[in-house]
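Encoded as structure tokens, the following chain is the form predicted alone, with no partner shown.
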């Protein structure tokens, strides 16, 4: 044991594991509680439902983790999902690939706008993305005419309701995107630059790193991931409702990232922790619903979890 560890109180030493492993312990405790008190919790059908419902949040949270890794934030992800959802019915007549491509390009456009406002104009990320948080959903509602539109293309719906080897395709896609983000963070120059910028942006600039280009790329990736989540949400519910798809998902994504151990101060991205954070929040919501607790109680519990996660992260930085 080091001298610093000996100098600290035992409770402080024991608390050091919380930022890394606290989310996994919370999931385990919640699972044990549900096994004991929630009927049919361990059934395959319930497991399938939980994974399907968590998948879009996991996908959006992956993009949010990248942005937070640069010490930024992106409040527009829900609006990007809505925009993708609004465009899909309009272009499915040209084929599934064309419709998906158009929706993804819309995400690229929003990501570019966010990235330019943050990196080039110099706006604070919360201000830059707040503009598209409001305007993006408004545009999506205008495009859709404010109407719910049914989606009947079987090839497209397979993405949200089909199975592959007994596992929902939606879950496979989310897992693949998690692996891609993990690879980008750990094995690419782009990922290392992203973390360097989040850790110390002035030093990254002095070192000659392409800070503005990396920031723009991060916001584009975040928006593209949100577009994918929007497409999959439409495929799952078999309809497009621009006023509802992705509503407030930015809060769920930020919560998953923070609870998963990624600091809001940037410089580090915990991919697996983010996935665990999304699963934890889904389990919290599902548990509340199954025990007939009101939505307001769920929101208060989520708020407490966020505060605890932020406090633990703060304590870790001050030690």
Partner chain sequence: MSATLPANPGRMAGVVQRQGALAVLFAVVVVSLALFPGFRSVDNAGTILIAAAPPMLIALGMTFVIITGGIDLSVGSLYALGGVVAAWASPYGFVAALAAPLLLCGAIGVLNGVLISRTGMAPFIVTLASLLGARGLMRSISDEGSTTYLVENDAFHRIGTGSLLGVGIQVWLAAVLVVLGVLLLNRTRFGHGVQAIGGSEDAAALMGLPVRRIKVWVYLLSGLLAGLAGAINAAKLGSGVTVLGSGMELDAIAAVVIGGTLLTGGAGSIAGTVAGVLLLGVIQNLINQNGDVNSNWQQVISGAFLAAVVVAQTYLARARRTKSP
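What you see is a predicted model, and the numbers here were worked out from it, not measured in a lab. Residue numbers count along the first chain shown, from 1.
This protein has a second form, the form predicted together with its partner chain, left out of what is shown; the following refers to that one.
- Contact between residue 39 and its partner chain in the predicted bound form is not found at the 4.5 Å heavy atom cutoff.
- In the predicted bound form, its partner chain sits beyond 4.5 Å of every heavy atom of residue 62.
- By the criterion of a heavy atom within 4.5 Å, residue 217 is excluded from the residues contacting its partner chain in the predicted bound form.
- Using a 4.5 angstroms limit between non-hydrogen atoms, residue 204 is distant from its partner chain in the predicted bound form.
- Proximity to its partner chain in the predicted bound form holds for all of 73, 142 and 311, with the criterion being a heavy atom within 4.5 Å.
- Shown alone, this chain has one stretch from 266-274, 52-60, 31-39, 250-258 that lies within 4.5 Å of its partner chain in the predicted bound form by heavy atoms: 250-258.
- The contact residue chosen from 109, 184, 178, 131 relative to its partner chain in the predicted bound form is 131, the criterion being a non-hydrogen atom within 4.5 angstroms.
- Interface residues of 121-150, taken as those with a heavy atom within 4.5 Å of its partner chain in the predicted bound form (partner not displayed): 121, 122, 123, 124, 126, 127, 130, 131, 133, 134, 135, 137, 138, 139, 141, 142, in sequence order.
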